[in-house]
Every structure is written in structure tokens, then in C-alpha cells.
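Single chain ahead, by itself, as C-alpha cells, in the form predicted alone.
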Amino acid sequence: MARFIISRFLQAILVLFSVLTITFFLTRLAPGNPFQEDKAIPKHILAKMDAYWGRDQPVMVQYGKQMWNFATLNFGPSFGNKGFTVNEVISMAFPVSFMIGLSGLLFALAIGIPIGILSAVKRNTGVDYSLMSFALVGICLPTFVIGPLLSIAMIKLGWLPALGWETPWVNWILPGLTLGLFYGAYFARLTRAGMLETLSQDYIRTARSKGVSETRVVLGHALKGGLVPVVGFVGPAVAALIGGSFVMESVFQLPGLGTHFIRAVTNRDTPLLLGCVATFGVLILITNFLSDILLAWLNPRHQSASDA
């Protein structure tokens, strides 16, 4: 297990370094200047501003400084947010995105796993067909469709605030539920497939022949193996949830990191863009890392195959 963890950690460092490197050079290839506003600014003023912020230095020198900033967790000032450093912008916006993504994941697991288990237990019955039809509808409806529909419903019913972040203790529910409904459908289908495969194993038949109750067979014996596909999908799902949170922040007008990421691209704000990429990258890699460890615990064969 120690070799497995070290291998995954080194791979994560390499992936993050590669992502930051590609992002940096892509920003340098993009046209435009972060200091160019709607009104025309004389070229000599822009040159002085570039010199002040070090943008006139050789590209590799700028690259080295950005990588050092990442290593020291200090991304410097933001070009597009006057008076704020990148660290300050991220510290204000990250809790919003994190809460939306985490609530979406929890909603997805809370919705998908029970539906998948029940569907597997009631295989080829009306319950199974109904639940899988519901999951298929959830997969076919994208979040940018579900979100506005839920917002309209909440506005008419007056149950929850539909937009903004004025009351964070309730504003996270709608965007989190929107993401949860979409990805919960995937978890439901994966749970059903994993449970069906596990329930067909010999040790499950042996447990049933010994008179073990069906509840104990399903939850005590089959559930661990049945969740292997779900755990394997958690890492990619978190990446998808982060991407989905960009859309949710636009739909529900949330001041999250996705909003600042889009503005950083538009404003050519390289420090903020790299800070956002690094934050999202670390979050995704940590989730994948924990998912791999949990998957290796649930299914030792996965660890053996990875080491090989």
C-alpha cells in the first residue's frame, strides 16, 4: 500500500506541474493585454505597466517566477482585481465553489446509491424499470436545463432563494441539488451494475443458503463490492462537478471561483488564472488520490494491477 500511495502522489505532482505549465504558455500565446481597457491607452504607458509587473522579462523568467509563486503558495497581485492579491480573491471565492461542489457530490451519493441498490434488489421488476428510467432522464437533462427549472419553481413556490449568495446557509441548496440530480443518475446506474455483479457471486449464494437475512446479505456482504464502480467514478465526478459549478455559478449568480476563472481568462489575468487552475487542480488530484486509496481498499486487485 505504501508503494501505491507514493506512486500516486508523485503522479499527482507531475500532472499538476504539467497543467500549470500548459496553462501558463497558453496565456502567453493569447492576444491582448491585461491592462488594456475600453479606452485607448498609449503604448508607452502600457510598456511601463508591463515593466512594473515584470511582463517585459523573458518568458522563461516569468515562467520560473510563476512556478516559484505556486511552490510558495503566493500568486501575487491580481491584474483584474485592483487592490487584491490572488490569494485574497481565492480565499473569498473558494468557499462558495467548494460548498456547491461538495453539496452536489453529497446529493448525488445520497440519491444515486439508494436508487441503485433498490434497483438491483428489484431487478427486472416495475420498480427497477421505473428507477432506471428516472436515472436516464437525469442523465439526458443537463444542469443548465435543470437549474433554471428549479429556480422558476422556487420563485413561484417561495420556498428557497433562487439567486445570489446573500444567505449562504440556504443559497447552496438549489445549485447543489441541481448538480446532485444530474450526477446522482450516473451513480444510480453504476451502483446497480456493481450490485448486480456482486449479488451473482458464489459467496452471496452461500450466505443466502445459510439463512442470512436479505438485508444483511445486501448491506453487509454485497454493498462493499457493489460500490467499487461508484468509488472509481468519484474522482472523475469531482472534476465534472467543478466544471458544472462554473455553469451553476452563472445560472444562480454566485460569487464563486468559477466566475473569477472566467473573468481571469477574459481579462488576461495570468496570476489569477494560474491560481484558479492550481486550486481546482489540487482539489481534483486530492479527490482522485483518496478515491484510488479507497478503491484499493475495497478491491485489492485494483492496487495490484496499478503496481504492476
Partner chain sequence: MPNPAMDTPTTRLEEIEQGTSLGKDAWLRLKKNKLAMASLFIFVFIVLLCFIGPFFGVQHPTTTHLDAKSQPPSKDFLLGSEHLGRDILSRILYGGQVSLIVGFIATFVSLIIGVSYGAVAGYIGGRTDVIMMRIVDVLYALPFMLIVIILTASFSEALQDIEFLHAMKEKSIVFEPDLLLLFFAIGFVEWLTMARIVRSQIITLKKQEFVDAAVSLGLSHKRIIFRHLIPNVFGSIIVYTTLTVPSVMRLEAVLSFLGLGVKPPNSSWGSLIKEGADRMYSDPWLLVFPALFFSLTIFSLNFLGDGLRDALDPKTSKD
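The structure displayed is predicted, hence computed values, not measured ones. Residue numbers count along the first chain shown, from 1.
Below: the form predicted together with its partner chain, not depicted.
Stretch 183 to 191 is the answer when you ask which of 109 to 117, 216 to 224, 199 to 207, 183 to 191 has residues with heavy atoms within 4.5 Å of its partner chain in the model of the complex. Contact check for residue 262: a non-hydrogen atom falls within 4.5 Å of its partner chain in the model of the complex. Looking at residue 144, you'd find a heavy atom of it within 4.5 angstroms of its partner chain in the model of the complex. Using a 4.5 angstroms limit between non-hydrogen atoms, residue 19 touches its partner chain in the model of the complex.
When contacts are judged by a 4.5 Å heavy atom cut-off, residue 268 counts as touching its partner chain in the model of the complex. Relative to its partner chain in the model of the complex, residues 10, 121 and 291 are all farther than 4.5 Å at every heavy atom. With the partner omitted here, the residue from 127, 212, 139, 99 that has a non-hydrogen atom within 4.5 angstroms of its partner chain in the model of the complex is 139.
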